[in-house]
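So this first bit is one chain, no partners, the form predicted on its own, shown in structure tokens.
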Amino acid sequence: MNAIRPPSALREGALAFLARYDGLKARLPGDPALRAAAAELFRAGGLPGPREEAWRYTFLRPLVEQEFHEPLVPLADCGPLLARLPAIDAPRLVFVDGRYRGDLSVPPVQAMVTTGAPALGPLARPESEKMVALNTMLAEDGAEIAVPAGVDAGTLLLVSLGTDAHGRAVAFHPRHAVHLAAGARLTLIEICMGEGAYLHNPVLSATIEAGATLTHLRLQDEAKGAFHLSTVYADVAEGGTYDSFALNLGARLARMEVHARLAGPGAAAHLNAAQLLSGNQHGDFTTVVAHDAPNTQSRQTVKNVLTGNARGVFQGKIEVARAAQKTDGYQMNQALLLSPGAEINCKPQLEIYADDVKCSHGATVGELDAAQLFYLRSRGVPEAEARAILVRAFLSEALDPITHEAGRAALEQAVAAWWETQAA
């Protein structure tokens, strides 16, 4: 008799999440039909694995080896974590272990915010994105942010804090939505940090109407024992702009996935990022930009600095529909490997069905330039400082497009703090 093969580790991990859903579904807020449909999709597909092309370089085995629990009512002292936030004078929405904390938040005046229930909006695709299906199934809270037509809502901080106050590894799946009406503007600075071991699986959907601009800056500085698996959807109408920058430097395993759809003529998306990884960290930055209308533009510059045995991944895909004539798409990934054990996997892709386009992509991988390092050393610059100068110069191109002064200063400070820990 043939032995019955046990479920794979990924299957067992998926079953644990499904068991949690079965125990919670009677009291989860929102449309139960949407959740049930997502649960069926997740039950059929499970967690993504390396046999799927989009997850070829990121394996979730460390995630399923960790046992996660439902977050308790957040009672932890968040003072030390709040003290680490960048000094940006702006309204803020604070979520602790995935749940909104009104006592720690300062809501904005020029934008309408609703919390207390996940924003299970129409942009997300649980049928094709398994982590989004998991989020749709288990999301308990989130923020809906709406900016009226023609209003400049200034800057808003969206803060997520993960804790281990109860000595339990928790998993949380916040669901956020941003809606900018025609001509509106907003700078959203998203900051994720924490302590201990936890899973943070957020989904954010952004609807950007005609002529509106969303500037989205993200600092992922999760605890070193955490898992960060985020998905962003941006739908950009005629003349609108989604201008984003993501700094990925925390978590044991992180994947930041962005899907941008340029749906109207003149729409633009800028998906710049930097990954700074050390030790045994794994960081994955994956993007899909769909040019569905003519005269649209996308720009992607992604920088990676890897040391120790860290592993970085960049996957970037530009899709140009047949109707999207005059598309202008650019994609560049560059990696700096500072140790023999560091590794980068890069997969740029172009899928073009129009015939009048300008699309290009490129990738470079290398070490610090020995000649430049020697030049600085010969001028009396200590080796650690010389290496820091060259790394900062390498990263400057990615940070240059950020025009929000306080946001850029916060990101530069995070980069400097990361480098100090490597040089120590």
Partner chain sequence: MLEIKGLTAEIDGKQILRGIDLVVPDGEVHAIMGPNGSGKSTLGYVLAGRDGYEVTGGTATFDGVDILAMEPEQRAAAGLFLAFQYPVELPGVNNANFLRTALNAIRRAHGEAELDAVQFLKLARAESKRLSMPEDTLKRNVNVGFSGGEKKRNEVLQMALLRPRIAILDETDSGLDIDALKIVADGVNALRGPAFSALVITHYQRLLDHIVPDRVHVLAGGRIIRSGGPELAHALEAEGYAAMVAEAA
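Residue numbers count along the first chain shown, from 1. Since the model is a prediction, treat every value here as computed from it, not as a measurement.
Separately, the form predicted together with its partner chain exists; it is not shown, and the next lines address it.
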property: Contact test in the predicted complex: Gly366 vs its partner chain, heavy atoms, 4.5 Å; result: no
property: Its partner chain contact in the predicted complex: Ile389, any heavy atom under 4.5 Å; result: yes
property: Exercise: Val381 in contact with its partner chain in the predicted complex, heavy atom 4.5 Å; result: yes
property: 4.5 Å heavy atom contact, Arg43 to its partner chain in the predicted complex; result: no
property: Residues Arg20, Asp31 and Ala36 all lining its partner chain in the predicted complex, heavy atom within 4.5 Å; result: no
property: Contact segment among 49 to 57, 23 to 31, 368 to 376, 353 to 361, judged by heavy atoms lying within 4.5 Å of its partner chain in the predicted complex; result: 368 to 376
property: In the predicted complex, residues of 390 to 409 near its partner chain [heavy atom within 4.5 Å]; result: Leu390, Ala393, Ser396
